[in-house]
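Here we start with a single chain on its own, the form predicted on its own, put down as structure tokens.
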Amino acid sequence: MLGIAILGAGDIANVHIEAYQALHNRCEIRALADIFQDKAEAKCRKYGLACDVVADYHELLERKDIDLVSICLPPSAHCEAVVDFLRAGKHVLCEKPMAPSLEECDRMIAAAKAGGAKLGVVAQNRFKPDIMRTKKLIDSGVLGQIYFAQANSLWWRGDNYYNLWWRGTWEKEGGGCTFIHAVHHIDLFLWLMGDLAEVSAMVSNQNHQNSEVEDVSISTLRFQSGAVGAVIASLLHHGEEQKIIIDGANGSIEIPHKAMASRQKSNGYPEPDNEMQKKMEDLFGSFPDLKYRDHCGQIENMITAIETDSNPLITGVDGRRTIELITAVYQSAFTGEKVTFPMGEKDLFYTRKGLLSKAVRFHQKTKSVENYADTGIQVGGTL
């Protein structure tokens, strides 16, 4: 029975608590930490938790009855807490985004090696059945050579969203829609498409006056495979229609699920290739369902990795790859230059200091509240 601690009692902690409770035969929540201790105590009452509540997570570092820690803090606070727990030999599952800079990601990965503990980074959308089937279908090679891919990470947020004290500043939040929202789709994009070669990007703030950070970004990409692609992130899209499109030589696959195949007529115009489309759909449907999904699926995967001494599906290295693309978007947008991969210490934006030295403050943050009422995390959209 693994002992669990949860650091941070905000909305995202709800889904972690619910997942651990669904897996109660393999784990037990033994501590909840938050600088607002009354908020943590209210969370315990809400979920009927009989666990310790502390304001300072350092009290948990030497606890022998804690094996795995969920980090549910604002992104700017991830690195310090993750490194402390990993060095203490505690396994860590860190919410996304992993950290605001590559330098911090590398410190976290190094701490996992030093402490002999496992580091997982949340990317719960991989644990959706149709997304897992899409990955298996692409890996099967049925699409042939991949030519083009696009990720539309389209959300809608009102002005009040940025009133929360840590949101809307480069220093505390680490970025805008590319960093906080598109992180979901960027992880999937890289998982499906493979390593990047280069990125060019632009970012802007079109409609959020209480925010320094961007609310829209457009990026063009070239992958190591030779495929090209694009990522569009936005907080301006009413309806929050999110989509990933992958076009190959033999057919196209989309998330949410849609499979298509065409062949050419004598004049080059398309007609349906029903045989290929059926082949794709039959293969897609042949892959098994998932027993656990979303956050519960990822937390179960992390627990299994600890129990079997294996790697979780999304490691610290995977989390870093997502931050690498986001960092490249900001570096390209704010320097006006194309960014090539891999990124490392040579890059200006490798450190948070480098980002803060060049990032454009689109607006000045003038309104700030400590907390919102606990209305639960709202994950909208189609993906």
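As the structure is a computational prediction, the values presented were derived from the model and not from experiment. Residue indices: 1-based, along the sequence shown.
What follows is about the form predicted in complex with a small molecule, which we do not show.
Comparing 68 to 76, 286 to 294, 272 to 280, 105 to 113 against the small molecule in the model of the complex, the single stretch with non-hydrogen atoms within 4.5 angstroms of it is 68 to 76.
Proximity of A33 to the small molecule in the model of the complex falls within the 4.5 Å heavy atom cutoff. The small molecule is not drawn, but in the model of the complex it has no heavy atom within 4.5 Å of G120. With a 4.5 Å cutoff on heavy atoms, P97 counts as touching the small molecule in the model of the complex. Within this chain, Q242 is remote from the site of the small molecule in the model of the complex, having no heavy atom within 4.5 Å. Although the small molecule is omitted here, in the model of the complex all of D11, L164 and R167 have a heavy atom within 4.5 Å of it.
The listed set S252, Q124, N205, S101 contains one residue whose heavy atoms approach the small molecule in the model of the complex to within 4.5 Å, identified as Q124.
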